[in-house]
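Here's a solo chain for you in structure tokens, the form predicted on its own.
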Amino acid sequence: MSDLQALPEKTVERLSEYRRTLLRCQKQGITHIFSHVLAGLHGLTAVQVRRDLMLIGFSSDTKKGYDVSVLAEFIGEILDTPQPMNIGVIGMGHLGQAITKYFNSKGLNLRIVAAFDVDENKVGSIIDDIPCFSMDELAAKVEELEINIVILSCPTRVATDVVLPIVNAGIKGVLNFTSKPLNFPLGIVVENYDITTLLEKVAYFVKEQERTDI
């Protein structure tokens, strides 16, 4: 298998979704699954599923379908790092706390190990088993705790203010949950996740669907 960076972005997203479905199947005692069934669970075509798995070099006995445990493990070898990757959360308001509580319950090879905030009432405390540090300690804690990725859940109005500290701290990846798209230098992987835009997108298609149903 070639380097993961050679995979299309959407393929990586779908592989992550496939694995979560496969792990749920395992818990239900399902041992094999056909490509068209896996596709149907994700609103895709069987051709798309087979193409994604072909890209990572996975093949299977089509008479029985994919072996659920084997495929889940194979995808894990593609997506997961050899060692757990540490994550920091910048902004421990309601959104930051919800993300932390949800994420650390998933048992992934990624783990949130620290939070950062400017609120004196939060700095120095433990929130959902995660220590919260001052933003002034970002660079030092990133080095000490070997943090590679930060989740940005601070207020949108201050989002641009944390770009330079993130760059200076040597962070390699940013998941931005603020509603302001942020630009970082080359070499830093950035995913801007705008909840408002996504909800408006869903609302638009709901509206269009209702109009066609009339």
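None of these values were measured; they are calculated from a predicted model. One rule holds for the numbers: they count along the sequence shown, beginning at 1.
Just so it is clear, the following notes concern the form predicted in complex with another copy of the chain, a form of the same protein that is not shown.
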Among V70, V158, L175, V163, just one has a heavy atom within 4.5 Å of another copy of the chain in the predicted bound form, namely L175
Classify G65 as contacting or not contacting another copy of the chain in the predicted bound form by the rule of any non-hydrogen atom within 4.5 angstroms, answering yes or no.
no
Close approach of T81 to another copy of the chain in the predicted bound form, 4.5 Å, heavy atom:
yes
Would A98 count as a contact of another copy of the chain in the predicted bound form, using a 4.5 angstroms cut-off between non-hydrogen atoms?
yes
Does the 4.5 Å heavy atom contact test between A169 and another copy of the chain in the predicted bound form come out positive?
no
Taking another copy of the chain in the predicted bound form, which residues along 42 to 57 bring a heavy atom to within 4.5 Å of it?
H42, G43
